[in-house]
Structures are given as C-alpha cells and as structure tokens.
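There is one chain below, alone, in structure tokens, taken in the form predicted on its own.
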Amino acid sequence: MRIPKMRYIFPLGLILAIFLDGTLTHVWSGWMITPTTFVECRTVFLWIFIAVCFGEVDHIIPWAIFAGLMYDMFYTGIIGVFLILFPLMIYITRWIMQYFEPSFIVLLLIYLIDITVLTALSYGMNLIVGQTSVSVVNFIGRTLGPTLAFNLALYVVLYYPLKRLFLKYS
C-alpha cells in the first residue's frame, strides 16, 4: 500500500509557512514596516495557492480554515479575518483556474488578483471592526502596492521549487 506523501508534506509546509510569515516580517521589519510603508508577507497564502494549482491535497478547505485560525491567533488578534479569507480565496482561485491552463504567467496574474482581493478584504474587515483607521488612499499607496510587489517577488522566487514539490509528491 502506497502512503500519500502529500498527506504529511502539506501540513508541515503549512506550519512552516505560518512561522515563515512572521519570521520574514521580523527579519526585514526595518524595510517592511516604516512610517511610509507596511508590507504584508503572504507565504501561507502562497503555499495554499500553489497547492490548489498543482497539488492533490485532501481536505484543503479544512486546512485553509486551520491556517486562517492560526494566522489570526498569531498575527491579527481577531479570530475570523483569515479564517474566512483563506477558504474564500481557494474558491476564487479554483473558479478563475477553470478558465485557464496553468502556466507561470497565468498563475502570476491570478496570484496578483488573489493577493489584491485578500489584502483589500483584510483591510475592509479591519476597518469595519475598528482595528484600523487608515484611509483607502493611504492603504493603496502604503500597504497594497508594496505588499503586491513583495509577494509577487516571493512568487517568482518560489514558484518553480514549490511547483516541483507539489507535482512530485501529489
């Protein structure tokens, strides 16, 4: 009987990505968090995104809910923001992917849409509950733009290694 290796690799990678989000932000905090810039690292979402595109992960929605809960507990302090957003982003990604053949550029553009929606919805939810008072203009210029640039660079660097990992072990 063949044991599916992705059953073990995906959760370990997910937990690693959760800690990597905070670690990268801490290590590069002098650059990522300044009076004029706030970059949000999204390695957790990148891991889930590549899994949706190339992996055969059992129960990815419950895993996304788990990742959202952990992310909320560690980083946002409000349970529910990423608990809702990560599974929602899986649905959005799957919906968009049904119209395209996956390739580096196509997935880059889908990832760009996903990060934009994820970051904007996170901002909107935080605005509703009073966790932020940043104006939309400041959010777009100081958070959304730099967050997109950073996460797209992260995508470019990690796309091929993660794709190979998921294709090999799925």
Partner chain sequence: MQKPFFNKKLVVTMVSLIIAFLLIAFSIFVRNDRSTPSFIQNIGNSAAGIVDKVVNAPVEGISRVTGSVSNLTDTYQENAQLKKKLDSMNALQVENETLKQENKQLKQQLSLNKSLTSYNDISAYVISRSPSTWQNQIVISKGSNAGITKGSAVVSDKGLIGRVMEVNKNNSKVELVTTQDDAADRFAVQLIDNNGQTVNGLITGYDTDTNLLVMGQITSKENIKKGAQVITSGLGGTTPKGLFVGTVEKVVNQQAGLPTKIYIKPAADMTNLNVVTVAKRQD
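On a predicted model such as this, the values are computed, not experimentally measured, just so you know. Numbering follows the first chain given and starts at 1.
Quick note: we don't show the form predicted in complex with the partner chain, though the next part is all about it.
A.B. asks: Kindly indicate whether 42, 123 and 132 are, all three, within 4.5 angstroms of the partner chain in the predicted complex, using heavy atoms.
C.D. replies: Yes, the whole candidate spot contacts the partner chain.
A.B. asks: Considering only heavy atoms, tell me if residue 66 and the partner chain come within 4.5 Å of each other in the predicted complex.
C.D. replies: Judged by the heavy-atom cut-off of 4.5 Å, residue 66 is well away from the partner chain in the predicted complex.
A.B. asks: Hey, in the predicted complex, is residue 92 touching the partner chain, heavy atoms inside 4.5 Å?
C.D. replies: Residue-level check for residue 92: no, no contact with the partner chain.
A.B. asks: Does any part of residue 97 reach within 4.5 Å of the partner chain in the predicted complex? Heavy atoms only, please.
C.D. replies: So residue 97 does not count as contacting the partner chain.
A.B. asks: Taking heavy atoms only, is residue 156 within 4.5 angstroms of the partner chain in the predicted complex?
C.D. replies: No.
A.B. asks: Taking the partner chain as it sits in the predicted complex, which residues of 132-168 have a non-hydrogen atom within 4.5 Å of it? Please list them.
C.D. replies: Heavy-atom contacts to the partner chain in the predicted complex: 132, 133, 134, 138, 139, 142, 143.
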